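First, one chain by itself: the form predicted on its own, in structure tokens.
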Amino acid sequence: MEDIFVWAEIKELREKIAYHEKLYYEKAQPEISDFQFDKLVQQLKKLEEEYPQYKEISSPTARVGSDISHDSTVIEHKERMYSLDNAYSFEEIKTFLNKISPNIPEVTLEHKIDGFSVNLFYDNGDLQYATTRGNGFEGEIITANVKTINSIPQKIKYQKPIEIRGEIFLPISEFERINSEREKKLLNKFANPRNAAAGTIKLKNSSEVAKRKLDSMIYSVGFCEEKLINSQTELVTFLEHNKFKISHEIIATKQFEEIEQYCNHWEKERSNLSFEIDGIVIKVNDRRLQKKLGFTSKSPKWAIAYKFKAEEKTTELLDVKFQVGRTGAITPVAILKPVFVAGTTVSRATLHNQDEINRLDIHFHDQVVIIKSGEIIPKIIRVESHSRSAEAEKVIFPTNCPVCNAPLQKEDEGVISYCNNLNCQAQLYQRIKHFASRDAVDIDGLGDALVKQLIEKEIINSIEDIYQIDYRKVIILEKQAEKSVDNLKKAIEKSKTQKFHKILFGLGIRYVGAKTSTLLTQKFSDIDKLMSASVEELMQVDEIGEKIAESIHEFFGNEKNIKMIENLKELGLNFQSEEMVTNNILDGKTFLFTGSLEKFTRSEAKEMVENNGGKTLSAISKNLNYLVAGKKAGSKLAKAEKIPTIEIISEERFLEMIKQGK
């Protein structure tokens, strides 16, 4: 019985890690810190070591996180790219060094740039192509964008084939300039320079990339026919000789005290740099010893990254605003005297809930200490109460909604206060934004600014009103050209045909995310069956516990919500699941898609495979039955051609297989 629970925990950890890898590498929108992510991986690694029967080569503990986007073109690296293991204390660094030798070998210390890994391939001195790190074995082509970066030479002195590796980053000054421009255009600001760099390097428009003035720091070599470098310090000299931008703060040492001093120095001084660093990379200097030590399945055994603690800064609390979310949740936000911390100017920080305000015993104009949690979200960690004025007024959590004045309520044993007035204007704005979002009904053109205008002008007062808009009034609004209004009209009409699970997600039921919506619509084929389900019936759905089931039941027990759904049904929205396939034509078959697909997207392909009983794989192996090759299929096609059991088929042939099962 214990094994069942262990397997469930391992599976859950792998799913969590995959979710956060996708946010970090593909979307550049991390929700947790590197430290929190590493803890998840360490927890999984420990379980896999204790229960080796559950080890898999596809586990996050055995592979590099992939930054390859869907529908991208990839090139195989000539020499594999790895990720670094992390250390969060000097004790962990000692353990790392002791594994190499009882006597500390000479190591180099250099800044760990908080950017985006790049692989540059040169031949005859010319830059042939540039790729991302990808999954370590192959990377996404970003050549045109890399050529806009002034610090990356397009010609070098060295003439033989060579892979050059380093980091692309965005200088802090450029990051602040870009965010300032985005704010003026009512666009979402980037969370930090790393996210901005990762998002920029994959833009389709190279002229837009050039405007953002990315920079680079080069520190490594991959494939090279010659053994021309004997140490890391020689490597740096070689790179500089070939006009690459390198760090001039690299040192070599055999003394542990110097390692501590270097790390401590730059942890304090990092805020004085013109770019973001999040730690120090420690490498064995002797490249022959590096080769002897080798690699694990995902990291070199001769290098480690010492990660800095979150940077703390003290500033003044000017005010506290109480925001109302789409579910009615009240979130207190601290308004701060602007302070520069961890690469950005911070003027707001979350206070979470009433319990947190009480714990901090926070008063207006207190001196507060903030960190950027995981270098992402500003957070107040403590109050310097000793410097508080005797007249300072205590921050009191409201008892009524700050927007509509309705009484606030708390769930039993909960910490979040809610406004349960569905007509609250603040909730309406957030609910409509959520409903129109890409993961929900996906109404292109219905962005933040337009939603605000539509509500303020009372053109819409509910979700149903989206489908009854008077477009003549929309044209009158500022900056709304006739063509953009016509496009909006088409997008709204198209959203009626969205799949049931996306519309259900768009309704904004508390605790019901995109995955839960999909599970519900697989169990309940239409909205009427779902609305009439009891708490017990809802709990029979995979991954739905009592809390979620009660929230769903409560939502459908509200007359206003039922009326909204009936109105949306009359307006033509789809509240019915697609007919489930019963003959499982692809049962037990495995598929992988490569190259540029023209007939469908990768997510649509995956859905078609799974709906017909098959499975999709992420890499070429003997377990693969079919490789569906689109245009410009690269290394995956070449690998598949060497395995006789893999059948290579076209998109048209794949669609024929699906039709046979209908």
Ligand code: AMP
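The first residue of the sequence shown is number 1, and the count goes up from there. For clarity, every value in this text was computed on a predicted model and none was experimentally measured.
Keep in mind the form predicted in complex with the named molecule is missing from the figure; the text below concerns it.
J.: Out of 434 to 442, 78 to 86, 137 to 145, 353 to 361, where are the residues with a heavy atom within 4.5 Å of the named molecule in the predicted bound form?
T.: This holds for exactly one stretch, 78 to 86.
J.: Does at least one non-hydrogen atom of residue 281 fall within 4.5 angstroms of the named molecule in the predicted bound form?
T.: Within the cut-off, so yes.
J.: Does residue 577 reach the named molecule in the predicted bound form if we count a contact as any heavy atom within 4.5 Å?
T.: Residue 577: no contact with the named molecule in the predicted bound form.
J.: Please determine whether residue 111 contacts the named molecule in the predicted bound form, using a 4.5 Å cut-off between heavy atoms.
T.: Contact check for residue 111: yes, within 4.5 Å of the named molecule in the predicted bound form.
J.: Looking at the partner-bound form in the predicted bound form, is residue 167 within 4.5 Å of the named molecule by any heavy atom?
T.: Answer yes; at least one heavy atom of residue 167 falls within 4.5 Å of the named molecule in the predicted bound form.
J.: Exactly one of 500, 219, 121, 308 has a non-hydrogen atom within 4.5 Å of the named molecule in the predicted bound form; which residue is it?
T.: The option sitting close enough to the partner is 219.
J.: Using heavy atoms only and a 4.5 Å cut-off, determine which of 427, 117, 192, 495 is in contact with the named molecule in the predicted bound form.
T.: For this set of options, the contacting one is 117.
J.: If we check the named molecule in the predicted bound form, which of the residues in 608 to 636 reach within 4.5 angstroms of it by a non-hydrogen atom?
T.: Sequence-ordered list is empty.
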